[in-house]
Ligand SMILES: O=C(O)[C@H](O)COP(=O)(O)O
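One chain comes next, on its own, written out as structure tokens in the form predicted alone.
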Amino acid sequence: MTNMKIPRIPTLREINIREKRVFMRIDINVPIDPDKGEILDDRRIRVHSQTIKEVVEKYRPALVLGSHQGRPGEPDFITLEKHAELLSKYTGYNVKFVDDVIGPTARKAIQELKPGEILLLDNLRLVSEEIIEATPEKQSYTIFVRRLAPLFDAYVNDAFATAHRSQPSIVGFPLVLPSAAGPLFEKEIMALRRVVESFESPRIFVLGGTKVRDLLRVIENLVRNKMADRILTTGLLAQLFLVAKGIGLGKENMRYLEEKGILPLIPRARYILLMGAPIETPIDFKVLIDGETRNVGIGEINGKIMDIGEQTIRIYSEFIKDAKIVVMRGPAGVIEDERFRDGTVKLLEAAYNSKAFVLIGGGHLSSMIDESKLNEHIHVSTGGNALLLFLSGETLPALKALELSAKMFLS
């Protein structure tokens, strides 16, 4: 169907971790209240808890977990002590915590860990090397990897959300230890294979959110690889393409697009349209005028655009209903305001009720999901940026490192 291919990634069925000492990279980097330092949304911790429990019950390893949280200097750069408490709550196991990463306290705790026990290291970015991007070969020689690798029998990457990073805990360990993708990572890869390697059609991509430049790269790759039958645009991306088509959005919206640095992207958007990209743009919007909401057509826009309109929701929902593959990335409106969640909620509703295989991207869209309506045909990705980069045609460093590891240890 496309030129995009996913390399062979080793799984837990191919390496021996039964009662072995294992380092598993997870991603429990979650939103933090900048004032109180409290966790605001623990969905990632809950998702990882399921696979941690699965790994412990099936293989009984001495399991050491590693994750980052925020960046140094940012309000969300905190220790993982509270994360450990939540992991204990959701897994049903006592998840030990050590306020160290590669020092003597951490190494002693790792060495003393018994099969069936779980230990969470502190925030991996307390080690400065974990912030530096480099090749897998270089990262395998970092102090981080050289200090910890000799303590382990195997490495497991279950952090697909970090797959676009080339840091020691992601790409360094696979070159020095037998390595595999964890259960969550494997599910992400299976979902991506379904999207990029199947012949199912129609294939609908619903793209919105604030990362307009990244989304343009995605669209260019989709067109290049003939992956999309329809690309339904929402949010700032939709506004960009409407301007590229010569449709006026009113002074307030044009000023906002200018503030966000989106207007210089108009020539690129026009070129994408000339390439024959199957772009659909809204025919109406929900706008905010003097504190009141109105539904207006694109020929009569006045006020600030906040969500896609009722007619657009109906049209987009019909496309989703008839699709075989649906990929959704980014909310349709300003979901921080409850008045402008309708577009996002109803497009998700159409996805729940469709017979398509649905891949829902991470990020803000995940916060709007009704988990009671999920089924085996819907995959909610934990990797917002990793998913975007993959769909842009980029090679994900974590996949490359696991591929190299398979050649080194499993050939």
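Quick note: we count residues from 1 along the sequence shown, nothing fancier. Everything quoted here is computed from the prediction, not taken from an experiment.
Keep in mind the form predicted together with the ligand is missing from the figure; the text below concerns it.
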How about Val287: is it within 4.5 Å of the ligand in the predicted complex, going by heavy atoms? no
Can you tell me if Arg224 lies within 4.5 angstroms of the ligand in the predicted complex, counting non-hydrogen atoms only?
no
Can Asn29 be called a contact residue for the ligand in the predicted complex at 4.5 Å between heavy atoms?
yes
Note to self: Taking any heavy atom pair closer than or equal to 4.5 Å as contact, tell me whether His83 reaches the ligand in the predicted complex.
What the structure shows: no
None of Thr312, Thr233, Thr162, Ser140 but one has a heavy atom within 4.5 Å of the ligand in the predicted complex; the exception is Thr162
Residue within 4.5 Å of the ligand in the predicted complex by heavy atom, from Arg270, Lys324, Arg147, Arg125, is Arg125
Per contact check vs the ligand in the predicted complex (non-hydrogen atom within 4.5 angstroms), the hit among 162 to 170, 240 to 248, 94 to 102, 191 to 199 is 162 to 170
Looking in the predicted complex, the residues of 208 to 237 with a heavy atom no more than 4.5 Å from the ligand, listed in order, are Lys211
